[in-house]
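Before any questions on how it binds or moves, here is one chain, the form predicted alone, in structure tokens.
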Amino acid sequence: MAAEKKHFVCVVCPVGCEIDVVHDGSKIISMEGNKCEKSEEFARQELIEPMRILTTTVRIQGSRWPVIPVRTDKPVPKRLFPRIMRQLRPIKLQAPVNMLDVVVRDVLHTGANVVATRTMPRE
């Protein structure tokens, strides 16, 4: 495979290193722009399997608002976002719900839980 160049902006810390990576598909040939080991690790992970925290909302009944914000409690593969969203779509929680209550445990066998990020009392 011919060498390919990719550009990343690291999101691990507020510095936001702009990293240019030249790789051949199986290994990194060169990396420029990273200012710390965390940004180097981020770029390597992006090449293998981009990971992100998924944030969205699910429906809730019996509360002041019709939806409640939720997120995964750790990063999940970005490629799974559409499948996770399909799994969350039919969910209707019943108030009250407390912040960090688990909405879905081990979503799609990723080891991550989907948790509420706000307390919603019953009204």
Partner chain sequence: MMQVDVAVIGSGPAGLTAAIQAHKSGARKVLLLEREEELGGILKQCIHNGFGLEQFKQNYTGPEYAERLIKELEKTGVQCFLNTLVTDLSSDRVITALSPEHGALEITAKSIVLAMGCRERTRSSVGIPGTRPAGIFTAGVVQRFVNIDGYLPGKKIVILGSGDIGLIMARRLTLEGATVIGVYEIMSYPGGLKRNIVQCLNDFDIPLYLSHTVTEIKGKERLEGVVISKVDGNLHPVQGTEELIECDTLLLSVGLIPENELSKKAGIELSPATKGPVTTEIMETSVPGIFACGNVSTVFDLVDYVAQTGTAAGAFAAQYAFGSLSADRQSVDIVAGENVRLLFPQRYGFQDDLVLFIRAAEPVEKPVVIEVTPPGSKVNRVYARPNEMLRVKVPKEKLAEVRQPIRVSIREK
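Just so we're on the same page, rigid core means the largest C-alpha set that superposes within 1.5 Å between forms. Numbering follows the first chain given and starts at 1. Just so it is clear, the model here is predicted, and its values are computed rather than measured.
The next section is about a form of this same protein that is not shown, the form predicted together with its partner chain.
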4.5 Å heavy atom contact, residue 53 to its partner chain in the predicted bound form | yes
Contact label in the predicted bound form: residue 57 to its partner chain, heavy atom within 4.5 Å | yes
Would you check, heavy atoms only and a 4.5 Å threshold, whether residue 20 touches its partner chain in the predicted bound form?
-> no
Does its partner chain come within 4.5 Å of any heavy atom of residue 44 in the predicted bound form?
-> no
Which residues in 73 to 94 have a heavy atom within 4.5 Å of its partner chain in the predicted bound form?
-> 78, 81, 85, 89
Would the C-alpha of residue 71 be classed as shifted by 2 Å or more between this form and the one not shown after rigid-core alignment?
-> no
C-alpha of residue 100 moved at least 2 Å between this form and the one not shown on rigid core | no
Indicate whether residue 35 shows a C-alpha shift of 2 Å or more between this form and the one not shown, with the rigid core used for the fit.
-> yes
